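There is one chain below, alone, in structure tokens, taken in the form predicted alone.
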Amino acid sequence: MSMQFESFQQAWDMAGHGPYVWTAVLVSVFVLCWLMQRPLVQHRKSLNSIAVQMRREKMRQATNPEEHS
């Protein structure tokens, strides 16, 4: 397998198209990372919200045991 470019500088420049190509690559990588990370953060927030609601419900039941007997 041979390299398409003889040096790093040629790969970076890409016959004058380098800034456009590397900008597109960086934007694409950023968007893909964001698309993978966002649902994970939302899931964690949802789980935390559910845990808070469960703690509140447990505290409410502990302070008013006659309501749920």
Partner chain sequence: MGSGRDWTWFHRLGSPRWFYETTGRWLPLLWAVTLALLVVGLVWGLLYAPQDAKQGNSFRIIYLHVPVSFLALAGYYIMAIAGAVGLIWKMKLSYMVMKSAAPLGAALTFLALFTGAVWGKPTWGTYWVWDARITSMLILLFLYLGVLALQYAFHSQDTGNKASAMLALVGTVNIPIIYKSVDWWYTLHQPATIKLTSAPSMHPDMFKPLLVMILAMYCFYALVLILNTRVEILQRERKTGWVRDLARQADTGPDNQ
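Positions refer to the first chain, counted from 1. As the structure is a prediction and not an experimental result, all values here were calculated from the model. For the two forms, the rigid core is made up of the largest set of C-alpha atoms that agree within 1.5 Å on superposition.
Absent from the display: the form predicted together with the partner chain. The rest refers to it.
A.B. asks: Is there a heavy atom of T23 lying 4.5 Å or less from a heavy atom of the partner chain in the predicted bound form?
C.D. replies: T23: yes, in contact with the partner chain in the predicted bound form.
A.B. asks: State yes or no: in the predicted bound form, is some non-hydrogen atom of Q9 no more than 4.5 angstroms from a non-hydrogen atom of the partner chain?
C.D. replies: No, Q9 stays farther than 4.5 Å from the partner chain in the predicted bound form.
A.B. asks: Heavy atoms within 4.5 Å of the partner chain in the predicted bound form is the criterion; list the residues of 18-44 that meet it.
C.D. replies: Going through 18-44 in order - heavy atoms within 4.5 Å of the partner chain in the predicted bound form - the hits are Y20, V21, W22, T23, A24, V25, V27, S28, V29, V31, L32, L35, M36, R38, P39, L40, Q42, H43.
A.B. asks: If I superpose the two forms on their rigid core, does the C-alpha of A11 end up displaced by 2 Å or more between the shown form and the other one?
C.D. replies: Comparing forms between the shown form and the other one, the A11 CA shifts at least 2 Å.
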